[in-house]
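First, one chain by itself: the form predicted on its own, in structure tokens.
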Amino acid sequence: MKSTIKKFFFTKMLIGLGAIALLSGCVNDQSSKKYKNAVDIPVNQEMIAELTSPPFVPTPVGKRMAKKLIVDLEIQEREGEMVSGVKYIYWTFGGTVPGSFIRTRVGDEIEFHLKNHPDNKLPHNIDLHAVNGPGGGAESSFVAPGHEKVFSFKVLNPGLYVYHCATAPVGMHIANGMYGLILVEPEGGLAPVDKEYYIMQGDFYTEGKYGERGLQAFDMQKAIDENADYVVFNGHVGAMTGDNAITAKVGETVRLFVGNGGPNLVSSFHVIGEIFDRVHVEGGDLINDNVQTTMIPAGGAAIVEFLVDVPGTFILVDHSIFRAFNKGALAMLKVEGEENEKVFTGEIHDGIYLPEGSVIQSMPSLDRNAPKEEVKALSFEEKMKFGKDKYMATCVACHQANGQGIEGAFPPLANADYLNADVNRAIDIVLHGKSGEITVNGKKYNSVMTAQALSDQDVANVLTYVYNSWGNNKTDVTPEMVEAVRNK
């Protein structure tokens, strides 16, 4: 009898708990399937948004319920370095270019606090492409220095969206770095991956040409003519190279959130040595598989995902390729792990090839009579400083910030036997270029070094910097030495 009574009450308790769980599920169920429109998804509690600076992204939303998400973003006008020796006044969201990464989910209600630092000179606002409302929030967020504006919106559509300043002149505000990305994840979040990074391209227009030293002002006419001096990832040349390269391990999946702030140029985003397994075209629901290069319009974005199969340094570029190697649109993904010769063996043969026919290509020559900028160093210290500036503006993409080169592609300059053996040969290569095979520190390289359009003073500066760095033989190259080689 007692056993029967216990079973009865136990059964009743289970039924009661089940009812409570079902009721709780109904209260908290925010499934978009339950609601005809995402606007009807209720929010559960309040939460401070995690904001991150590039190339990092906030924690994935996972399966969390929709929240009232508080976004606190400060506008800062601050001086930064475009490339070594070149200063620029950036206008930023959160102190970086691109601005802070914002991560949300469908159904979140965003309470946006936009603050304009009191030391700033200009009013600004924000237009978020993820907003359904006038000006993407721009009409509600116009804020003067020393003031704060608060507005709210509901995120309705999943995707990766650009945000930017929309204060007149709009192009000028964007061109000075006022853009970033906001990710709206679908219900349940994106599929998990091993690594996620934030990359955004932008084109910059300065009164001085690429690499010209000093504090450079924005050039409106160049911007109107779409004649960019710099095309860069994450705000400046070398933002993700050398020690700042993004990283992964063999066998890991990598997801890149890639945006294009513009203001003018379309990006042809490509990772040399990788194929995108999946691309969320223009940051939306359309998935494209097995993609080599994806187009990202100005004011647009894409999500690219791939598995890394082998170790090495993979170069990220805008495949409008002169932008990569001459204007700065170049970054690096360094992958560590075991070799996999089933995927890639490296060099297996080195032979002689003699082209047939009457036409053999040669490297084009430069007009040696063209006027060249003269930068005269008055001391060895100035020569080293100017030489480093020129190196970072001209040579770093191939030979790297510490002169280590790129394995299998560009020879090292650090402690390089080939370089140290013959200074006149080094001068000649800078002046006239070189193609064909050379051996540096016991390894063979077969690539092209193009002739550099530099003055005798610039050649002397950059080679003096190279020879007096990274364990080289400390040769002090003079303009007279360069002139002698040039006139041979």
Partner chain sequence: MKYYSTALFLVFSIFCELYAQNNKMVLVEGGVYLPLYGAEGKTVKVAPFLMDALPVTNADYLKFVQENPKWKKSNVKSLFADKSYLAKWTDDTTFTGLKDAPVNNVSWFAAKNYCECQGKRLPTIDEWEYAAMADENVPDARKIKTYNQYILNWYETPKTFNKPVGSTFKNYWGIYDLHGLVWEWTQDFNAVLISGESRKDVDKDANLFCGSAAIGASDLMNYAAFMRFAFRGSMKARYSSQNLGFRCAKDIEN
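Here the structure is a predicted model, which is why all the values come from computation and not from measurement. Residue numbers count along the first chain shown, from 1.
One more form of this protein exists, namely the form predicted in complex with the partner chain; it is left out here, but the text below deals with it.
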In the predicted complex, residue 176 touching the partner chain (heavy atom, 4.5 Å): yes
4.5 Å heavy atom contact, residue 229 and the partner chain in the predicted complex: no
Heavy atom of residue 142 within 4.5 Å of the partner chain in the predicted complex: yes
Residue 89: touches the partner chain in the predicted complex, heavy atom cutoff 4.5 angstroms: yes
Candidate from 241, 125, 104, 260 lying within 4.5 Å of the partner chain in the predicted complex - any heavy atom: 125
Residue (of 307, 71, 398, 170) lying close to the partner chain in the predicted complex, criterion heavy atoms within 4.5 Å: 170
Candidate spot 147, 166 and 207, all three touching the partner chain in the predicted complex (heavy atom, 4.5 Å): yes
Candidate stretches 384-392, 117-125, 268-276, 322-330 - the one whose heavy atoms come within 4.5 Å of the partner chain in the predicted complex: 117-125
Residues of stretch 190-218 in contact with the partner chain in the predicted complex (4.5 Å, non-hydrogen atom): 207, 217, 218
